[in-house]
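One chain comes next, on its own, written as structure tokens: the form predicted alone.
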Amino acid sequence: MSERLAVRKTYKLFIGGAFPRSESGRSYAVTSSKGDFLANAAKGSRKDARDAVAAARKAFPGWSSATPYNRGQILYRVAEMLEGRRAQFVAEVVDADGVTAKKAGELVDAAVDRLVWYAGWSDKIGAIRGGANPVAGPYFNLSTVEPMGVVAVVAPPAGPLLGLVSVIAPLIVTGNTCVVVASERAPLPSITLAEVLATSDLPGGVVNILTGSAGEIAPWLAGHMDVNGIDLTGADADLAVRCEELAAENLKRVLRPAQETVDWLADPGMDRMTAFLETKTVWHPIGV
């Protein structure tokens, strides 16, 4: 009996809670850190980016109006499901980064913990960043935070799972929706995460994940008039400058890439949660 041939998978995009093929019909080979073939991934296009933005915009009203408690519960559910597929994620991180299974396990566990950590902030960030302001007059002056809208993200090439979770979770826990360009080098953890999101309680369109070339896709997102902000964490210096120039067309808020290598295992702090929030202040006469 001849030796069995493995089934070579071709993974799809994640847009609007579904898994469509790229409209371009293109794909590219994904290899391990040792150069071994792992699978084929879809190579997203301009049209795919537009579709993903439309899905994110459609999902925004419902997601942003959900209670913070509800958003936190959904993130916690995602963490539960990610942990349920721990073995698969560990294997994918080993293939992607060439680390030991023990180290990969630590990174996967950190990704689960990161989701739980952000879930806990869902109903607290408003109290920390908002509140009553003292004013010289017979008025109540109240400030509250609101999500910006649709945020595009260039995911970090390093930390294909933990880094990805660390840029997505703070956006969605605060009510934004997003379109993510996954790591081109190591997209498989992002695709598996998309499968987790699709089978969790997260509404379709809140997170959309495109695989392919960041240099090709990100500029279209940066120039898209229905995108409110862009996180350039995973962009190189040339791509970051190009995207910033395009983002200026409609005054997008831009989170520039860090000057030094990011330690995704470090305490994330609050900066990523507040980067794409806006503060609304309301005045109301006292006694009326």
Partner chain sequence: MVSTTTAPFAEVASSNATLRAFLHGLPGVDRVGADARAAMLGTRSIKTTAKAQAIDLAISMVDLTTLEGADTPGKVRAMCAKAAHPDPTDPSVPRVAAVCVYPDLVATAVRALDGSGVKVASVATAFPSGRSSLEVKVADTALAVAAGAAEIDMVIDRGAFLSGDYLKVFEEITAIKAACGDAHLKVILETGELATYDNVRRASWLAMLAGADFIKTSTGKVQPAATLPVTLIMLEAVRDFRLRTGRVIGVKPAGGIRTTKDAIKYLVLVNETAGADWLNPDLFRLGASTLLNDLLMQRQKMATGRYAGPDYFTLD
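Numbering follows the first chain given and starts at 1. These numbers were taken from a predicted model, which means no experiment stands behind them.
As for the form predicted in complex with the partner chain, it is not shown, yet the points below apply to it.
For the three residues F60, S64 and R71, a heavy atom within 4.5 Å of the partner chain turns up in the model of the complex in no case.
With a 4.5 Å cutoff on heavy atoms, L246 counts as touching the partner chain in the model of the complex. In the model of the complex, the partner chain lies farther than 4.5 Å from every heavy atom of D236. Looking at G223, you'd find a heavy atom of it within 4.5 angstroms of the partner chain in the model of the complex.
In the model of the complex, the partner chain sits within 4.5 Å of a heavy atom belonging to N250. Residues are counted as partner-facing when one of their heavy atoms sits within 4.5 Å of the partner chain in the model of the complex; in 34-61 these are R46, K47, R50, in sequence order.
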